[in-house]
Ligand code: ATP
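Next comes just one chain, in structure tokens: the form predicted on its own.
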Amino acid sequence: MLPREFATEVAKKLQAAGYQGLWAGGCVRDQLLGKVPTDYDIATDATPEQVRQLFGHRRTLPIGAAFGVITVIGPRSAGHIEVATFRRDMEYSDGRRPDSVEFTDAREDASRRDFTINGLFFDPVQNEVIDYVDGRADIDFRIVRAIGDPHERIREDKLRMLRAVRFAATLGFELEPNTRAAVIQHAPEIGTVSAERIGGEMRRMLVHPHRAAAAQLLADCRLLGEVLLDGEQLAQNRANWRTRLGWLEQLGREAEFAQAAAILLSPLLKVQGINPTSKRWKLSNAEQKTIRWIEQHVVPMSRAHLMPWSELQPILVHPAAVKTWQVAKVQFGEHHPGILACEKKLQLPADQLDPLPLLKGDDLIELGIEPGPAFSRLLQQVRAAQLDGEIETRQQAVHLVESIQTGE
């Protein structure tokens, strides 16, 4: 069963039991845009306990029951669906989520959502769009508009500023003027949002093909300097900023977050390292290492045609080598000599790209060499000679070690 089929089945079962069962939010928006929704949410007038009674306690999870949300477990191929009771949100004392909710009807539920394009419902049984917030018109006119007072929507949840930018950029929409003005006015308040949530939005923006538009809109809305330490400096050098945006645009559709982040953050990383960004975006250790490694090795790859193999080879066998080469290709051009040299080497069979070492540490110990500061240097010298074709056999490697040890 596909997710869409399961979402239709859940809605039908709710309606057959006398409740409303409507698709809600992003899945309706995506369907109207001609896209296949990646997930489905359902809104209903049934209470959480009524939803559990209808679908059974074994097929439901009450994880979000305090906010009127019950997760209905579907077949493995369909996944899970959140069924939320129509609600109005009370005060948002933490600028993130309501302190409490009251159950209500579909019209009022739509009015408490963030943007008109996300405030639509769809009845899959009647094949009917239900629109209380003029969201369909805003989809037609390609506008991201806050529902009601944009200042109030942002005060409720400051993350909505980043979501507004993400939706506008990734959908190719415009930010409605009043919504845009509210984002600019409240931009300094984004710091009250957790690093995990900010990082999540930045990942979504930077993995999208419209990542350059997202970066520019962040700068235009004065959010770039808030989500990055000294981030406002990135856009101040206009020529460098336009170049960097061009690189972001040229990254392929399948480009990863670390690649886009390395391009965007490179000027800051050279000055302040990865730690400030890591704290603001809650980057994992793996993400930090990959972003930093890419940033540090793009330029060396451009000089690949001038480097001895023993110097280039350790770079090209690194797990992030191909990702880095893709970034370097964007920055220096696919016909650059260094980029072509890397491409040729990366196409080598594994046993040629990274041949087994002629000597390892245990071999040196067998030769009577005690581990110490010179131990790794010896191994590096032997490896370099092997890669550069100066030695080809273990016997030659042993002879080289003996020569180095005796100073010959």
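We number the residues from 1 along the sequence you see. Since the structure is predicted, the reported quantities are computational estimates derived from the model, not experimental observations.
Keep in mind the form predicted in complex with the named molecule is missing from the figure; the text below concerns it.
R113, H208, K323, R280 - the one with a heavy atom within 4.5 Å of the named molecule in the predicted bound form | Looking at the other structure, the residue within range turns out to be R113.
Note which of R142, R136, K289, R204 lies within 4.5 Å of the named molecule in the predicted bound form, where distance is taken over heavy atoms; exactly one does.
-> The residue from R142, R136, K289, R204 that makes the contact is R204.
Among 187-195, 126-134, 258-266, 163-171, which stretch has residues with heavy atoms no more than 4.5 Å from the named molecule in the predicted bound form?
-> In short, 163-171.
Is there any non-hydrogen atom of G26 lying within 4.5 Å of the named molecule in the predicted bound form?
-> So G26 counts as contacting the named molecule.
Would E295 show up as a contact with the named molecule in the predicted bound form if we use heavy atoms at 4.5 Å?
-> E295: no contact with the named molecule in the predicted bound form.
Hey, in the predicted bound form, is N118 touching the named molecule, heavy atoms inside 4.5 Å?
-> Contact check for N118: yes, within 4.5 Å of the named molecule in the predicted bound form.
D157: heavy atom within 4.5 Å of the named molecule in the predicted bound form?
-> Contact check for D157: yes, within 4.5 Å of the named molecule in the predicted bound form.
Listed by sequence position, which residues of 39-59 have a non-hydrogen atom within 4.5 angstroms of the named molecule in the predicted bound form?
-> Sequence-ordered list has one entry, D41.
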